[in-house]
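Just the one chain here, laid out as structure tokens, in the form predicted alone.
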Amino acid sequence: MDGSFLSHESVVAASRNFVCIRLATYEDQQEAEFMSRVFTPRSGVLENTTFGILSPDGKRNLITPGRAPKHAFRDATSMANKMNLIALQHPGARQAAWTDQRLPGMNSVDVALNVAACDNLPVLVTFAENEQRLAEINKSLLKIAWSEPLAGQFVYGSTSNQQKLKPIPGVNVKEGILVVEPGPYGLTGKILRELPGIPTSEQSKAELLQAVASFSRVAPEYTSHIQLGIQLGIDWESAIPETDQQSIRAKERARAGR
């Protein structure tokens, strides 16, 4: 995340009038195709990061897209000012805030753990033995997940296959909600809180607010973190092939120097 822009107080405040989408680049073919429509770099292929602000129908760029906010804005203040102006120009979109009928989930628990480790966030995992019960648990979380104090505070994963919970040891119930601390490289997770069954809205909100307040967001030093991961032989195989040559060459150099 470009902290100089996206974590700035004015940008965070302005973002409340937008649907903020954190895509996973090489983890879903449809997402990759969408990102390529938003921004096509000089290389002509999908690169590792894409940034844009789109119209409510998702079909028009409202700013000049690029790899990061700095390609469109001078600084965080100019970004926030532009976002506030765009929000005023689309009042219908503002009125629909907090009404999404789905959790903002990644497409698997594994990917949720990996993204959360990258973004320095806790993971919220919902699980059950069948899709009907899983849908009921997810529905019980909707208002809480999109509430002002909790929106954007978790990376979500969801599964009706207990085998998908293997990276998270210690799950002792058949269904419920887990708050998980991702491992340093996003391959494992540690349970911080476990809410079995379908907890009440009041119980869920109280537990999740406490989880957010107590979660330690100390990001590792980037270069040493990468170097240690290479030394340990840790790698991540994406769902579709990586095409960002700059990123590929950087990994090759790092591995050559280990």
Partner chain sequence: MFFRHSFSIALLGMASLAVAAEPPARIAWYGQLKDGLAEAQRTGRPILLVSGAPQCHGVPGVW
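Residue numbers count along the first chain shown, from 1. Note that the structure is predicted; figures quoted are calculated from it, not measured.
What comes next is about the form predicted in complex with its partner chain, which does not appear here.
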Interface membership of N114, its partner chain in the predicted bound form, 4.5 Å heavy atom rule: yes
Proximity of T50 to its partner chain in the predicted bound form, heavy atoms at 4.5 Å: yes
Contact test in the predicted bound form: P56 vs its partner chain, heavy atoms, 4.5 Å: yes
L121, heavy atom within 4.5 angstroms of its partner chain in the predicted bound form: yes
4.5 Å heavy atom contact with its partner chain in the predicted bound form for all of T25, M83 and I234: yes
Partner contacts in the predicted bound form for 161-191 (non-hydrogen atom within 4.5 angstroms of its partner chain): P184, Y185, L187
